[in-house]
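Quick heads-up: it's one chain on its own, the form predicted alone, in structure tokens.
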């Protein structure tokens, strides 16, 4: 052996006292397996809810031809996406509490005891990394702060599958601990540990920790859920968008300036194109001609993927009446194009069931007044059961597809 060379055995011997001291300092009566299991239940349930509602949102935005989604009930997307964002925000303190509860396990000694411990550590690594990234980018998306160098939607969808899989793997690896801590200890066990469970240091610390996490979760939800729940709107102090705040009393995600339509949207040369290229049919309509057509009113929500939503009174021309001008067959899919030159969703695909719905409008007015420029003047789409990003503003062209 070379002089001065430290063997791996000696390194382990030197590391063990340090690791055990770190474990002792990290230990706390509240950091018990039962605390971790209770928070783990909540975390697992929340991940499942967010996965289901998030997958539904993705399918609505990228509706495959084989999936017969319906525009009714009109409030469905508003409800599912509101739940998605509210539960996702609620999981932030739950995840932090869970990490606090299991923190001492980082200093377990020896760090690896076999195949099971390797699988456990790998599952924890994937679960924690994915959960932190998913929640962090999700919160940033609600604030429309895209400080990351990738497209949010596809990455968020891919991470949701990884997160769900890592939760399943982690539960499988930790099943013995979960089973042992699932139920509260029996009275006999409690008597054996302490005559009065209320005086038991671990039980008191556990309740304190869970109460703190519960209070933080409740505060997070109460201060944000008002962005989609009108009754709690006055409490939505942490919401990036607040109901009633914006032009014509309605929030705005992308302004006309941000979309690059300040000049084109107010041009006297603007014409709406309604076209069916297969039939060689084209109709051009001015704003005055659209206003001269029969007007229909509909009370529909704007429900954005960021979680906020608000009902509003819209009026305009039924989209199916515009499609009839070019002889579009009933049930035809439609592509709607915007004057927008910057940002995503410059076009949107609308399936036939939505295009033919009597409440789907090419809206010209909001609350009885002409559309504000930031709300899509001269014309925008408003349809039941669709996310706000698909309610195309500053419409210039409606094209009939198959």
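Positions refer to the first chain, counted from 1. The structure presented is a predicted model; accordingly, all values stated were derived computationally and were not measured.
Heads up, the form predicted together with a small molecule isn't pictured, but that's what we're talking about next.
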{"item": "Residue stretch of 353 to 361, 31 to 39, 372 to 380, 65 to 73 approaching the small molecule in the predicted complex, non-hydrogen atom distance within 4.5 Å", "value": "372 to 380"}
{"item": "Triple contact flag 98, 208 and 213 to the small molecule in the predicted complex, non-hydrogen atom at 4.5 angstroms", "value": "no"}
{"item": "Partner proximity in the predicted complex: residue 304 to the small molecule, non-hydrogen atom cutoff 4.5 Å", "value": "yes"}
{"item": "Residue contact check: residue 170 to the small molecule in the predicted complex, 4.5 Å heavy atom", "value": "no"}
{"item": "Close approach of residue 250 to the small molecule in the predicted complex, 4.5 Å, heavy atom", "value": "yes"}
{"item": "Close approach of residue 318 to the small molecule in the predicted complex, 4.5 Å, heavy atom", "value": "no"}
